[in-house]
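Only one chain is given next, in structure tokens, and it is the form predicted alone.
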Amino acid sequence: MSVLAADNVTRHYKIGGRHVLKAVDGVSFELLAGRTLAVVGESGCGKSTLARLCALMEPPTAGAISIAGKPTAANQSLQLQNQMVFQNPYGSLNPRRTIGAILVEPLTINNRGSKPERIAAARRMLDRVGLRPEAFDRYPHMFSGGQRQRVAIARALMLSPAVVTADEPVSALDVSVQAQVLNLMRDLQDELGIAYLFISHDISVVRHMAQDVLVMYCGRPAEQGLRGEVLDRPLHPYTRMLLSSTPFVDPARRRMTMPVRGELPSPIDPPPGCAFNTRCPYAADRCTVERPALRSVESRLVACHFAEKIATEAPI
């Protein structure tokens, strides 16, 4: 069952009254219960803006978002079904409130249960995310980054949402702690059947967490499909570039199949045609005037004029 869907969603911002920043410019996807959709791309590609739109923190300029098949534009209460875990665990928790108060607050605001029932639910959630009972009466500054992010995950789950939107949830943590938090999220998904919209720039994290992948470039989808298809045999030059820049421990995989070229263009003034044409080794005259449509090629969606040519080449 679809728990979260986006239909040609856009988010544009007026800059200085004359320019328009197209942070998200036509994104569609469907997220099924119990699955993880990872949204990947460089900083500035629109990942976090898409996360805020899906968490109903701001409205789209155009297009529609639905939760459990219901349009969110007509029912803002659906926001309770999509909770968010933010990137920075040091800034997302109120330093003046105890951990117990932070977890009880969502239940209090939404009139869930009596006070003893809310406290009992918060204590159970602490145990579920691997924190000791005494954490209930302590303050965020008394915990490590990994422990704080466990609290943030616990807070997101207090209302039993169908979807959790996680915006770079482990990028601020030490590598050794990242694996613990990611494994916790997977265990909770198996136990509760929740779906994750997982925002990340780290391909290794995406391989560990996601079943489906959406690659974004300049606010638009570049490639979209199952994790194994997109990451093991990418058909968009930008996806290949991202994978080429990922370090590998295995010496056999330490090869640059497509060197990283240039920088992400300004979303206020992107190149005409395909936005990737200034960095793409396959770019032709057609790419500078005609924006490629997102189309089906070999069981995934790709926005590239030369996807079929790339499909004949050796995979990364």
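The first residue of the sequence shown is number 1, and the count goes up from there. Worth saying up front: this structure is predicted, and the values here are computed from it rather than measured.
Same protein, other form: the form predicted together with a small molecule, not shown, and the subject of what follows.
Though the small molecule is absent from this view, in the model of the complex it lies within 4.5 Å of a heavy atom of just one residue from Gly44, Pro59, Gly63, Gly34, which is Gly44.
Annotated contacts: Ile15, Thr49 and Pro267 all touch the small molecule in the model of the complex [non-hydrogen atom within 4.5 angstroms]. For the chain shown alone, Ala23 is a contact residue for the small molecule in the model of the complex, at least one non-hydrogen atom being within 4.5 angstroms.
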